[in-house]
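Starting off, we have a lone chain in the form predicted alone, written out as structure tokens.
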Amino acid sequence: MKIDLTGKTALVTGSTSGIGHAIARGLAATGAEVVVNGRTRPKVDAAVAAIIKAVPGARVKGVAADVSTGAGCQTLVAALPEVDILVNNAGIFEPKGFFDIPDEDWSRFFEVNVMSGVRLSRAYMPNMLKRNWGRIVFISSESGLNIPREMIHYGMTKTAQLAISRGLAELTRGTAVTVNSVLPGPTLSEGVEIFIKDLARHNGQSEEEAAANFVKQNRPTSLIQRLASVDEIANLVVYVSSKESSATNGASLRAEGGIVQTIA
């Protein structure tokens, strides 16, 4: 299968690093015009340059905007009024015990992980429906199904994304617009690398040992028994963003290595 998204514009939020950056790079390789997003101009510019270097001939530009706020989303939409593909990837996580999570953290996680996707979908989806083509992808998590006891507030936001994604998909009935969620498991992004390094230092282990033990101890049902790579997640997102995925709509697509022990 050759995925060709030439002529399509794709916005990936939170794409200066990690899974988002891998998605942006993967979409650029299909010929799509990709818009990188992050909070600061230097990071956005660096991410754009990295994709252009990795994908010769890539059509990439960047918009610096903080999508965790309503004003930031407005800034982004003003700079980019229409897109064909919206990947709601921006998100934060933080291991913290339930009794130590203050109200402010609950609100912050909801604004970043949930409301960014709500606001941007509300802005971009109407024109997708008018043009009768579009793709919206929410980057959720297996934590939306298996709520992690070490970060319940994060799990809550990832479950919310699944509900929003399915609800928006219902609005696409009879059109060529699709809305889906992708559920990664533990993935070796830059943020997770920092977490693993801290874990290794705290436990007196190598980073490889810390990563392997994290999976065994915290995600023991994993079938792959390792952290996924960012490219493994990006591959599924690129497919869901493609013309070839036209019959996939309203779905929660798992890329979590078999952690979730269900057949559906």
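Note that residue numbering begins at 1 and tracks the sequence as displayed. Just so we're clear, the structure is a prediction, and the values are computed from it rather than from any experiment.
Another form, the form predicted in complex with a small molecule, is not on view; read the next lines as being about it.
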| property | result |
| --- | --- |
| Which of 127-135, 168-176, 151-159, 95-103 sits within 4.5 Å of the small molecule in the model of the complex, heavy atom basis | 151-159 |
| The small molecule contact at residue 85 in the model of the complex, heavy atom, 4.5 Å | no |
| Residue contact check: residue 38 to the small molecule in the model of the complex, 4.5 Å heavy atom | yes |
| 4.5 angstroms heavy atom contact with the small molecule in the model of the complex for residue 60 | no |
| Partner proximity in the model of the complex: residue 67 to the small molecule, non-hydrogen atom cutoff 4.5 Å | yes |
| Candidate spot 90, 141 and 185, all three touching the small molecule in the model of the complex (heavy atom, 4.5 Å) | yes |
